[in-house]
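The data below hold one chain only, encoded as structure tokens and taken in the form predicted on its own.
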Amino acid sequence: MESVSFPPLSRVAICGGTHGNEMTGVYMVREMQKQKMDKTGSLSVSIILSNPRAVEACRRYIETDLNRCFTSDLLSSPVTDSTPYELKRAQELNAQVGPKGSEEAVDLLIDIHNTTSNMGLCFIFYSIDWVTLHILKYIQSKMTSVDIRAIQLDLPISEAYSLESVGKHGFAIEVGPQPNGVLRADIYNMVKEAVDHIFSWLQEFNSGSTFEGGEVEVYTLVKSVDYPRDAVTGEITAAIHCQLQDNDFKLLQRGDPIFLSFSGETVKYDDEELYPFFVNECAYYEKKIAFHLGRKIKLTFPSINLTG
């Protein structure tokens, strides 16, 4: 693979509170604002509380999920009196750190999230982006005591629905387990360390350092699995089985238990071997998702350096 050059990555956005009850990002942003970290070495940093009304209410969202409002169609849709608050907010954020797909967009956008699932620290991104993969590899080399994984969602950027897709480069940091509305010191410090390392990588890159190519493992989404439901009422009839609970990213094999019905019957997995993640995520009950399933693949990336 030939080396690839990029211009300086000097304009960065750090966002938290996109979901108002995911507290790591909320308090990370507040602390960065308090420390006046908007100028850090070669970096100009926009520090953004994404959904202030939801943060104030300590709810995931007020009217609709903000982190599903960033497709190109939604960002360009007309605003009327009936437009949900979060869609209006998405368009405001797009104007602030985008516009999405433009040369004016920030160079790197990082959106901090929590999950109630036992997923450790995950990068979530869309297109296969060399900058993101280099940062991932760098963080893995620096935080060796932490399981750091990555999930790639195979969608065109125009259809990418979450905030990180607005930047030229971007990813979400998803960390758990952490209950909604709760702040855990271990989770907060894990994310703080990751953000500090990201800033260090950016400073090194902008100073002219070359980063050698390599490979990383990522998980690609294959499908989502719903809970068993009553055919008439639509209510769930089973919970995640204890042998699956807290075992995100552990290979799921045919015959493994996945649900335990309320009448005591075990539902077993009967499909190809895949890896579960976002297992029993609280926010996904309304989306009718018990867990996602994905494949583990390896991505190779080239060396990168500064243009010129």
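Everything numeric here is computed off the predicted structure, so don't read it as measured data. The first residue of the shown sequence is 1; numbering continues from there.
One more form of this protein, predicted in complex with a further copy of the same chain, exists but is not displayed; see below.
Residue-level contacts in the predicted bound form: of Asp38, Glu63, Asp256, Glu31, one residue has a heavy atom within 4.5 Å of a further copy of the same chain, and it is Glu31. Proximity to a further copy of the same chain in the predicted bound form, defined as a heavy atom within 4.5 Å, singles out one entry of Tyr126, Phe205, Phe123, Tyr188, which is Tyr188. Partner proximity in the predicted bound form, defined as non-hydrogen atoms within 4.5 angstroms of a further copy of the same chain, places exactly one of 256-264, 270-278, 66-74, 38-46 at the interface: 256-264. A residue is said to contact a partner when one of its heavy atoms sits within 4.5 Å of a partner heavy atom; Cys242 meets this definition for a further copy of the same chain in the predicted bound form.
Under a 4.5 angstroms non-hydrogen atom cutoff, a further copy of the same chain in the predicted bound form lacks Ser224 among its neighbouring residues. For Glu92, no non-hydrogen atom is located within 4.5 Å of a further copy of the same chain in the predicted bound form, even though that partner is not displayed. Not displayed here, a further copy of the same chain is approached by Thr237 to within 4.5 Å at the level of heavy atoms in the predicted bound form.
Annotated contacts: Asp230, Asp246 and Tyr285 all touch a further copy of the same chain in the predicted bound form [non-hydrogen atom within 4.5 angstroms]. In the predicted bound form, Pro179, Asn180, Gly181, Val182, Leu183, Arg184, Ala185, Asp186, Tyr188, Asn189 are the residues of 172-189 with at least one heavy atom within 4.5 Å of a further copy of the same chain, listed from first to last.
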